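Presented below, as structure tokens, is a lone chain in the form predicted alone.
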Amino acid sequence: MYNSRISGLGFFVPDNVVTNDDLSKLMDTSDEWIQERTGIKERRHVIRGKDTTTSMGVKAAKKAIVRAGIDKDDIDFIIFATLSPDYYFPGPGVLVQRDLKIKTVGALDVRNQCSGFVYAISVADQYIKSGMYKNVLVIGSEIHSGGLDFTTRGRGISVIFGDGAGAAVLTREEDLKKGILSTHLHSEGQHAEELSLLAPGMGGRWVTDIIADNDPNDDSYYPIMNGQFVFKNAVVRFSEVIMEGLKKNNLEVKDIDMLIPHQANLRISQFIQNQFGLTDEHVYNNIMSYGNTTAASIPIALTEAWEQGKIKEGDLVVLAAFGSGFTWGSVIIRW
């Protein structure tokens, strides 16, 4: 039996900064309106044709591999979490294997939206704990900007999301008191449509019908969200799954050195922080600068926190996410 530890981290965001004032030129909104509701000041959007979900993931992965101190061919398996793949199929996992010129290892795609990176970490952790793999590359990458409604109709969602990628290398650890101590995953599909993109998939509507309709007013291809309902569920599930992880390891809230929550909304993170009585030094938020990057948000924030020296050896680090599905989860790590 082994543990897994995060041996390398990296992230990439596009250079193109989109401020709240920029968005106010496209829709009826303002910097004050957006910050009050979300805490977001700016986000990054790709330049069309310059970056893809895969290419951003590759750039983040290269940094993580170097920091892990391994060669790319030491990677035994690839897990890619995203809701915005380059193609309907194949998924981006195999494209990363191709673009990094890694040997013919397995590649898996995870479609759990905001909880995607936590789910992917859990899968990688189990593979390593079982002894099947030694080094697993985990990526979360998203391009939202190509699928948002930048009119007043869509402002409740389009102001929230940004583009970016983060990556982690998980490596076998023989000290069972270090690394990932446990992961905890949940779902509640009865609320699936409360945060969703309802355009029919291949099993719901024929492509020939979509082409024949060619309806410019078909807004089913834009995401929808019942914001208040999502918020109420998020704060409950965040709290539950964090406490579940702590109790599993005989730990308490006071033992947390760093909490990295999914960057969905600064108000959600602040609610959890206040509920747990954590100081600003014990919670890392960067949604102000990047918006909600879904599966990429936790690895971007985790990498930044580590780069800034906010995470040190021996620290108890907690990752937690909640999102579409509904799905949610946590990861308890002894760094």
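Numbers for residues come from their place in the sequence shown, where the first is 1. A quick note: this is a predicted structure, and the numbers were derived from the prediction, not measured.
Missing here is the form predicted together with a small molecule; even so, the following discussion is about that form.
> Exactly one stretch in 212-220, 130-138, 172-180, 148-156 has heavy atoms within 4.5 Å of the small molecule in the predicted bound form; which is it?
Going through the listed ranges, the match is 148-156.
> Looking at 54, 38, 269, 303 here, can you tell me which has any non-hydrogen atom within 4.5 angstroms of the small molecule in the predicted bound form?
The option sitting close enough to the partner is 38.
> Of the options 250, 190, 104, 228, which one has a non-hydrogen atom that comes within 4.5 Å of the small molecule in the predicted bound form?
By the 4.5 Å heavy-atom cutoff, the listed residue in contact is 228.
> Are all three residues 9, 79 and 117 in contact with the small molecule in the predicted bound form, where contact means a non-hydrogen atom within 4.5 Å?
Zero of three within 4.5 Å in the predicted bound form.
> Applying a 4.5 Å heavy atom distance criterion, does residue 289 contact the small molecule in the predicted bound form?
No - in the predicted bound form, heavy atoms of residue 289 and the small molecule never come within 4.5 Å of each other.
> Might residue 28 be said to contact the small molecule in the predicted bound form, defining contact as any heavy atom within 4.5 Å?
Judged by the heavy-atom cut-off of 4.5 Å, residue 28 is in contact with the small molecule in the predicted bound form.
> Is residue 160 close enough to touch the small molecule in the predicted bound form, meaning at least one heavy atom pair within 4.5 Å?
So residue 160 counts as contacting the small molecule.
> Residue 84: heavy atom within 4.5 Å of the small molecule in the predicted bound form?
No - in the predicted bound form, heavy atoms of residue 84 and the small molecule never come within 4.5 Å of each other.
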